[in-house]
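Just the one chain here, the form predicted alone, laid out as C-alpha cells.
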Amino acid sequence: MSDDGGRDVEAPPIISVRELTVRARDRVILERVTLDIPDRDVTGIIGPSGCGKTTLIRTMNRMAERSGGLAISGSVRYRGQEIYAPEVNPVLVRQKIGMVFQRPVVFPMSIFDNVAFGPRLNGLDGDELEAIVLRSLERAGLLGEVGSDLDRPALELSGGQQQRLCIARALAVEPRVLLLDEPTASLDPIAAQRVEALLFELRREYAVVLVTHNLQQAARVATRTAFLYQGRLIEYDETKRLFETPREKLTENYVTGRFG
C-alpha cells in the first residue's frame, strides 16, 4: 500500500467507495453505496440496526471478507489505490486503515505489551518500540493515567480506559485512517465523553470514521454524516445540514425521531 502524508487542504478523499455491494447468501447487506471519506476529519455513519453500517466500515479495511460467505463487488480505494486488487496484501491495508470495535478487546497482558503488540510484529524493539508505545498512549489520552505503571495488567483498567487502550494499540502501527464501530456504546457517560473529546484531537492527524447509534454524538463530533437504511445510502452531507435541513424525507424522519 502506498502512502502520502501531505497536508494539502484540497487533497482528494483518503477513501473512495464506489458502487459497493455486499451480498450474503440470502440477502443484500449493502447496495451500490458510493461515498468519499475526507482526510483529517470525522465522518459519522448513522442508521437503524441492521442497515449495514458495520459492514460498510469493515469493507474499508477488508475485514468484511474475513466473515466468510460474503460477495463483495464495486470499488474501495485508499489514496487512489484499489484495496481489493489481487496484488494488495490485506494485512498492509489494515495497518493503514485500523479498526476499533464496540466492546474493548484487550489482550491478557500488560498495558505496555498491548500497545507494543503490532509494532513488535513489524520487527520493532528497544528504545524505538518504547517511544512508539508512549506516543500512542499519549495520542489516545491515556498516558497521564497509566504511564507510571505500564506493567499493570490491561484487564485491570476501567472500560473507558480499555477502549482508549484499544485506540492506542491501533495508533501504534501508524495508520492513516481509524474506523470506530460504536466505540462508546458500552461505556458510561463520563468515559464516553472522554472518547468523544479524544476524537477531536485525533481528527487533526487522522481520518476518523465513526459508526454510532447516538444521533447526538454524530451531531457533536462528525463534520459529515452518512445515513444508511436497508443497505442503501440515503443521504450523505455536512452534519449540520443533514440534521437541520435534510434533503430526503426518510432522513428527516430518522433524525427527528419519527422513524418507524
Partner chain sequence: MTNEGSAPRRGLAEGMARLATTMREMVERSTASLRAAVGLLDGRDGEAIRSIFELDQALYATKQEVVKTCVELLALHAPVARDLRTITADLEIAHDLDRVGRYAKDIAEIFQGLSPEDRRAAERVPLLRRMGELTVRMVERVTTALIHGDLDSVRDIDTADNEVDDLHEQVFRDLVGRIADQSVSPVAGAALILVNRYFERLADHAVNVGGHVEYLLSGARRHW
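Keep in mind the model is a prediction, meaning the values are calculated, not measured. Positions refer to the first chain, counted from 1.
Beyond what is shown, the protein has a form predicted in complex with its partner chain; the following relates to that form.
Contact check for Glu252: a non-hydrogen atom falls within 4.5 Å of its partner chain in the predicted complex.
Although the partner is absent from this view, Glu244 contacts its partner chain in the predicted complex, with a non-hydrogen atom inside 4.5 angstroms. In the predicted complex, at least one heavy atom of Gln216 sits within 4.5 Å of its partner chain.
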